[in-house]
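For reference, the chain that follows is the form predicted on its own, supplied as structure tokens.
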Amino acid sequence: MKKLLLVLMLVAIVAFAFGKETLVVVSRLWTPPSEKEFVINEIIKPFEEMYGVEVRFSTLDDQKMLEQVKLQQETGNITTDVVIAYAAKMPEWVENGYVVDLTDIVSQWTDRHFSKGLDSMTIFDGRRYFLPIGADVYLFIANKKALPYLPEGADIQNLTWEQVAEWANAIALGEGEGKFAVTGVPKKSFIYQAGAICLSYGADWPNLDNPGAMAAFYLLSKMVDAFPPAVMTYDDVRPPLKRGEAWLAAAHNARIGEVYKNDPTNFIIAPVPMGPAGRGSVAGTSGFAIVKGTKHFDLAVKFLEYMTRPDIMLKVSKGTGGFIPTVEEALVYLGDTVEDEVIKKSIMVMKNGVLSYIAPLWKDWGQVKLVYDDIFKNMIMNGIFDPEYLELMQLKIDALRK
């Protein structure tokens, strides 16, 4: 009898589990394990309990996610309900008709307003297809061990790139090796790290054949000794910063935020440094969209409504390193924690910086990244400034335009 009851209970449990409506969410955002775990346990789980549903959350890179939904659309077997895509890929989603027009739905949410500065990336022909989430800019971080080498009169919160170069070179001379981290592994972040400097000098990023880019790469070529010996093995600046192998870096605000949050007593964070044109930074955002043809449209709308609530959005931003909340009303919840400091400095760059975005102009953005990686390897790491080489690399960039 006990065995029979146990079997019946198991059957009931299975039936209940299979009876839950399930929402499939695929994201290019929150791929680091710590971010993904936080989002699933602290953000999505309460939503599941609130509505008695299941959310299957997974991460995938933008191109694979697009190809996956393309196949679903072609076969008529839609198994993905919500996607979180990056701004540079959003036009493809809209042009191919893979996502739903959310304009009329969002107009009913009167308690939140999405940042106007992101409209150019998420609104197409006056219609909103994506709801921005996790906006990003670049910040600067310094280990306090670097402070004895700080140039006289320099203010870390208002550094110029000339001062950063002087500081990084002084550290290399004093310590016997460089401590300024960038990513030397191809197709990672160097194009954005160099892009911040280029934009600060007034460059038309990512183009190279202009005075601003030339000035930025001249500066970088003078920093050949400032990079750590293992810089060509770095695919992420966080590990060398955490190990103390690197002391200085300009990087993505959420990545800087993670390092700072883990050890705020030994690090200082600041807005990205300035050049003659201002504080340059590559910026962007990811965005929620509902896949056209989903069988769970109403639940998908509930999920987007929940995820963009001001308090939830700030909780997500703080729990994932310090992404910028993209709903204006979320900012009133900011306090004085370490995470809040990261977000406040990021907002300062977003509002006052000289920003550029990854425009949807490229056949293969990864190949554009490689152009910058080659410049780092062949020119900067040899301490050479060669305008003719940069003009040659510009031809490669030109060939990658659509």
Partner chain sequence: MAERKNAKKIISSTIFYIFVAGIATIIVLPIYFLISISFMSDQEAYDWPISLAPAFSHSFLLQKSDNIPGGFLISVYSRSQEEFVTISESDKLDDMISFVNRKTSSKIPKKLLEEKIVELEEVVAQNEDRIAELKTQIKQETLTINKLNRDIVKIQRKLKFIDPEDESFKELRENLQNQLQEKQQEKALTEEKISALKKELQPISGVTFKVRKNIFASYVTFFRVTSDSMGALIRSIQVALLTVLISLTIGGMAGYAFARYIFKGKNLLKLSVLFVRMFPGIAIAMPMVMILARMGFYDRPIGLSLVYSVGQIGMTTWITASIFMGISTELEEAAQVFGTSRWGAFFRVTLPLALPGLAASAMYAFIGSWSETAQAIVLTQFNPTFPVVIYQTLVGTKGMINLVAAGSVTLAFPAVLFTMIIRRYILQMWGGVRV
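Between two forms, the rigid core is the largest collection of C-alphas that superpose within 1.5 Å. Everything numeric in this text was worked out from a predicted model, so none of it was measured. Numbering follows the first chain given and starts at 1.
Note that the form predicted in complex with its partner chain isn't included here; everything after this is about it.
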{"query": "Position in contact with its partner chain when the complex is considered in the model of the complex, options 45, 64, 363, 351, heavy atoms within 4.5 Å", "finding": "64"}
{"query": "Single option in 106, 123, 268, 173 placed near its partner chain in the model of the complex, where near means a heavy atom within 4.5 Å", "finding": "173"}
{"query": "Option from 341-349, 31-39, 45-53, 372-380 whose residues, in the model of the complex, bring a heavy atom within 4.5 Å of its partner chain", "finding": "31-39"}
{"query": "Touches its partner chain in the model of the complex: residue 59 (any heavy atom, 4.5 Å)", "finding": "yes"}
{"query": "In the model of the complex, residue 148 touching its partner chain (heavy atom, 4.5 Å)", "finding": "yes"}
{"query": "Touches its partner chain in the model of the complex: residue 328 (any heavy atom, 4.5 Å)", "finding": "no"}
{"query": "Residue 68, heavy atom within 4.5 angstroms of its partner chain in the model of the complex", "finding": "yes"}
{"query": "Partner contacts for 69-91, taking its partner chain in the model of the complex and a 4.5 Å heavy atom cut-off", "finding": "71, 72, 74, 75, 77, 79, 80"}
{"query": "Residue 157 C-alpha moves between the shown form and the other one by 2 Å or more, core aligned", "finding": "no"}
{"query": "Large Cα move at residue 360 between the shown form and the other one, threshold 2 Å, rigid core", "finding": "no"}
